[in-house]
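Here we start with a single chain on its own, the form predicted on its own, put down as structure tokens.
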Amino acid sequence: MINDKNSKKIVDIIQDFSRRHSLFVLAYGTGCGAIEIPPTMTSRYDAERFGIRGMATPRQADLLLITGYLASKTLKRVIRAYEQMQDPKYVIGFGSCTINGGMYWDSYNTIKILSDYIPVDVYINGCMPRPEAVITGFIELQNLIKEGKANGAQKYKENLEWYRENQKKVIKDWKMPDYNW
């Protein structure tokens, strides 16, 4: 007979294995970043062999993939989609635009650092990253989930006031629901 401590460990191991090998992606494609997603999912690179599948709504997804630059108006939609996702949820920032604004770094209307507004678990470098780099980013996220280090959703809840202050600096017409987890 298995005691409770061992059975809990076995359940946690199975749960973590399932989480990291079934990433359901909500791709938020802005600008040129979205052009690299279809080749990543098609037969040549076949991201589905790693358990990565596209989803239609935030309620079905557990990974938000931001591909490209974000303007002030689109940031509001990204925050809304992120907050509608169920826990555990993860974010991948795709391309230079999510890291530092990319080639739009000096634009008044472009978000420079995505992790100031929502927690980002993995950044994929490049303008635009190739499908190989995208798959490497997915694998890096899977390793973080395995190690228990992909905890952006928990960080978001713990530091919600800080994120809200940053969000409200950019989004002037704040009419977002206040979630209380």
Partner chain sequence: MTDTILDKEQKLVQLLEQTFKKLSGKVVRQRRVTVSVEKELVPSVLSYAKSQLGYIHLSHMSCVDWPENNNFEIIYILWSPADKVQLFIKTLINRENPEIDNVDMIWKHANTYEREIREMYGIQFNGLVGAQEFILEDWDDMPPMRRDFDTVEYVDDNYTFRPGREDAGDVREEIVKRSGEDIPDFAKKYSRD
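Note that the structure is predicted; figures quoted are calculated from it, not measured. Residue numbers count along the first chain shown, from 1.
Not pictured, yet referred to below: the form predicted in complex with the partner chain.
Peer 1: Is R80 one of the residues lying within 4.5 Å of the partner chain in the predicted complex, judged by heavy atom distances?
Peer 2: No, no contact at 4.5 Å.
Peer 1: Do I10 and the partner chain share at least one heavy atom pair within 4.5 Å in the predicted complex?
Peer 2: Taking the distances in the predicted complex, the answer for I10 is no, it never comes within 4.5 Å of the partner chain.
Peer 1: With the partner left out of view, is E161 within 4.5 angstroms of the partner chain in the predicted complex by any non-hydrogen atom?
Peer 2: No, E161 stays farther than 4.5 Å from the partner chain in the predicted complex.
Peer 1: Using a 4.5 Å heavy atom cut-off, state whether I113 contacts the partner chain in the predicted complex.
Peer 2: Yes, I113 sits close enough to the partner chain in the predicted complex that at least one of its heavy atoms falls within 4.5 Å.
Peer 1: Quick check: do F24, T136 and K157 each get a heavy atom within 4.5 Å of the partner chain in the predicted complex?
Peer 2: No, the whole trio is out of contact, none within 4.5 Å by any heavy atom.
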